Each structure stands twice: as structure tokens, then as C-alpha cells.
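One chain comes next, on its own, written as C-alpha cells: the form predicted alone.
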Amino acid sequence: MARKPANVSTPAPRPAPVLDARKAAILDAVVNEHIDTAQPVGSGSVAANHSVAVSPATVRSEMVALEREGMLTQPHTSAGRIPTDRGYRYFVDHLQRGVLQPAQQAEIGQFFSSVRGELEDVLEQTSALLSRLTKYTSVVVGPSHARATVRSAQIVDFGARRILVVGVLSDGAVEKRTIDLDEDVSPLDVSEASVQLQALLVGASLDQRIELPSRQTAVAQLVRIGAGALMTGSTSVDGDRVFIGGSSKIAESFDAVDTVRSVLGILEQELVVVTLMQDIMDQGLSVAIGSEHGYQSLSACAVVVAPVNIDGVQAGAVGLLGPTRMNYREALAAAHMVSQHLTDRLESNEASRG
């Protein structure tokens, strides 16, 4: 996966203070209610919470203290309070990962047991699944082709001086190139070239130097064309495959048009999205909140990430992007479960094609 451009800095999260049990319970109550309602939370509502067994006056006093600590803020003088990015960070750092509802778990299991098709199709459908489960925008980053080898290669004669070169890779991807020729070729030459291309490329990686036939025959020329199309024509050899699901959820998550526009602008830049997710994981985080990730355009957002591994090596990631008041417990559980299933799927593909 890509690395962060040098002109983007990521500040380390500011260490949160240690809260006593009462303040922690009050903060927890405020965060949970604000996530549910998107409204400022008053002391009376917090006092009614079964986990906060103190009077409204005591809650007000503790909320003032939490505001001094930078955990809460009061958007209006007469309003209740909402969590700050720092308050969310404390909440997430002390959050026990939730468990998805049985119906959600069953949906994920059924999806991965039944989904078929090329790897790109699986990754795209996975991003749609994750967004559907959580109601947030999802990002799935698949493994690049850099580590893939050619499992099969063939040339198909389309006639009218046109051929199709098809390569099936060890990671499950299928590369296809339609090529227009300058001269007529016979079906027999195409068939023989396909056999030679298969023998030449199977087992080779896409960035490997291949010794091509130098003979000036129609078959040799077709082999050179086919190998060149597959070995140098892949757009994903050095890059990551990025699939974004539920972009429309952004408009549902934010009231400000400018915020929606800036977030959608980031999502259109695949390199930035991949770099953002990788940098969060490089910091050892599974959640970046507000300005923690260093992207001003996403300062109103939280990003949840979970790695996807092949044989213990990171080969991709799944993530969720939503407002800072996102349901972190559900988002973390969904990202973790989907990443585990996707890891199992990719490792199974590797084993079956090894």
C-alpha cells in the first residue's frame, strides 16, 4: 500500500488524562447519547442514565470539569454538551470491541461463502456489503499485482485482425487486453502462439524480465505482443486496487454542503485514500478521529481501519469513513469481521493457486 506524501503531516493524538470512574461514566453517557441523537446532551438526560448514579447537579459539575479537560464542548450557551475529538479518543481507547448482531454476522458469513467472480468483483461487492451493514462509506483496498504470478495465459482470435490476450493471476485477478493487429493472422498461428505464451509466462511475476522469441515469424510476433500486453500492460502492478462503497452516505452524515463536497473530493483521489488508511495503521491505530489523521478536508470525520493479510503480511485493508459521532463499537466490529473473512478468502485463493 502507498505511503503518505511528504507534504501531509499527521500529529500524534494528544494524550488523554486519566478519568475517575464517575467522569468516565458521564463521558461515556454523553458520547453514546450524542451518537444516537446528534444533539447536545444535557445533564438531566445523563443523570437519568442507569450507569450514572448521581444527581443532575453533580453531573453538571462533572461536565464542566470534562469541558476544562477538553473532552466536552458546549456549542451554545444554553445548550447541552457534545464530545470533542479528544473526548471521542478517550471513549474509543477505553471501548471494548462490540459484537455484531447475529443477523449481521450471518449476512457476512453467507456473503463470503457464496460470492463468486474475479477478485476485483469480490472486492467491489465487499465494499458494498460493509457500507450496507454500517450505513457508512466503506473503503476496500485489495492487494497489488506486484506479488502475483501468471497462472494461465492465452490468446483468442477475434478475427478481422483483432485478438484478445487473457491472463489469470495467482491472486485471482484476470487481465484482459484487446489488440488490433496490422496484418492478417491465421487461426492456426494464433493457436500455436497461445500455447507458446502459456509455456513462457506461467509461474512468472508481472514485473519479471522474460526472454522473448526473436524469430521473425507470425507466431513469434504474436507471442511478443501477448507477453507485452500482460507483463507491461497491467495498470495494477505497482498500485493498489481501491473500491469505495456507499459514497452517498456522506451526504446523509453531514449537514454542511462544504463538508460533503470536501469529503467526496478526497474519496475521488484513490492514492490519498490508500495513503490515509496506511498511515493510520502505521501509527498502530484502528481509528483516527477528526484532525488526528492530518487531512484538513476530513477534520469532521472519523476513519476506522482493519488490515487484510496474506500469510501474515499486510496486503490490503478495509475501512469505514463517517462523522466523528459514528457508532464506533459497531464500525470496529464490522471492519474487523469483514477483514478476517477477506483475509481467509485471499489466503485460500493463494493456497489453491500455489
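These numbers were taken from a predicted model, which means no experiment stands behind them. Note that residue numbering begins at 1 and tracks the sequence as displayed.
Just so you know, the form predicted in complex with the DNA exists too; it's not on screen, but the next bit is about it.
With the partner omitted here, the residue from 63, 29, 35, 285 that has a non-hydrogen atom within 4.5 angstroms of the DNA in the model of the complex is 63. You can rule out all but one of 301-309, 286-294, 39-47, 325-333: in the model of the complex, only 39-47 has residues with a heavy atom within 4.5 Å of the DNA.
Within 4.5 Å of some heavy atom of the DNA in the model of the complex lies at least one heavy atom of residue 57.
A residue is said to contact a partner when one of its heavy atoms sits within 4.5 Å of a partner heavy atom; residue 174 fails this definition for the DNA in the model of the complex, lying far away. The closest non-hydrogen atom of residue 89 lies beyond 4.5 Å of the DNA in the model of the complex. Contact check for residue 195: no non-hydrogen atom falls within 4.5 Å of the DNA in the model of the complex.
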